[in-house]
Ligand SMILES: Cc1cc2nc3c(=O)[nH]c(=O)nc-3n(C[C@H](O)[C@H](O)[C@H](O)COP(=O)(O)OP(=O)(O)OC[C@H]3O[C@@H](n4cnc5c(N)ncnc54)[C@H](O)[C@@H]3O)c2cc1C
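What follows is one chain in structure tokens, specifically the form predicted alone.
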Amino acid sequence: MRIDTNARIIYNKQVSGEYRNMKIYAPRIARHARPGQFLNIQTSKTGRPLLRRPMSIHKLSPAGLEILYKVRGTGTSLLAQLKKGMEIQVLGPLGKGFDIKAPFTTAILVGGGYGISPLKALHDLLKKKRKKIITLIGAKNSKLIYKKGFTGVKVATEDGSSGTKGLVTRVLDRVCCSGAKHPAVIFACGPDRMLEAVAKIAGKYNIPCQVSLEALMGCGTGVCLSCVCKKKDGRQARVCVDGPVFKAGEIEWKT
């Protein structure tokens, strides 16, 4: 169910590193939202920028939702200027979220930079279900690492400023090789090149893997076709409605 509503800002604050955290009061959307889904947020009432900005649902509560974001362009710059008590137009929940119906004991969460955002709501749900959680977070440097509220955290940075020096996929390979308690499932979000590497490691160790794709989404409802990706069966999928979460083995990676 898609709900288009005005949502009141509870807070919009700077958190660790380069990240900001916004919480909005939107109980109707929150009741229907699931980990892995996203929101389309209107960042300005002036009509500029014209398109709403897609934002992963970072955390869920009965009446509110949180997003985690970085200031990267016009839309997010305007978003960062919004204050407590102001209202914004929000459409959601959108897309297909993570599937946790299959039986498993251990969840391996892999977030690349900003890709950690949708994994927090999943983490909280898995924790309630008493799953063992291993959280792997990778980024270019420590300023791009966000780990608040996660458990079983292992960090990797390309410049070595925090945790293991190198790519997070190297840490993932070691975790899988050491025999993460089975049955396990990998849940990942980040750049395509990282997700492709995660998919290969998952295949190597025969561990089911779900990936949340990052894509440019114009409308968020499957109409504009700006976020199309190719699947291995030759079909085209719209990330905003057929995803953003897919089984890793479904995707025809570009690299």
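Model, not experiment: these values are computed from the prediction. So that there is no doubt, residue numbering starts at 1 and follows the sequence shown.
Another form exists, predicted together with this ligand; not displayed. Remarks below refer to it.
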Listed range touching this ligand, judged in the model of the complex by heavy atoms within 4.5 Å, from 149-157, 131-139, 69-77, 99-107: 69-77
Distance check, K59 to this ligand in the model of the complex, heavy atom within 4.5 Å: no
Close approach of L216 to this ligand in the model of the complex, 4.5 Å, heavy atom: yes
G190 within 4.5 Å of this ligand in the model of the complex, heavy atoms: no
Close approach of T169 to this ligand in the model of the complex, 4.5 Å, heavy atom: no
Stretch 50-65 - residues with a heavy atom within 4.5 Å of this ligand in the model of the complex: R53, P54, M55, S56
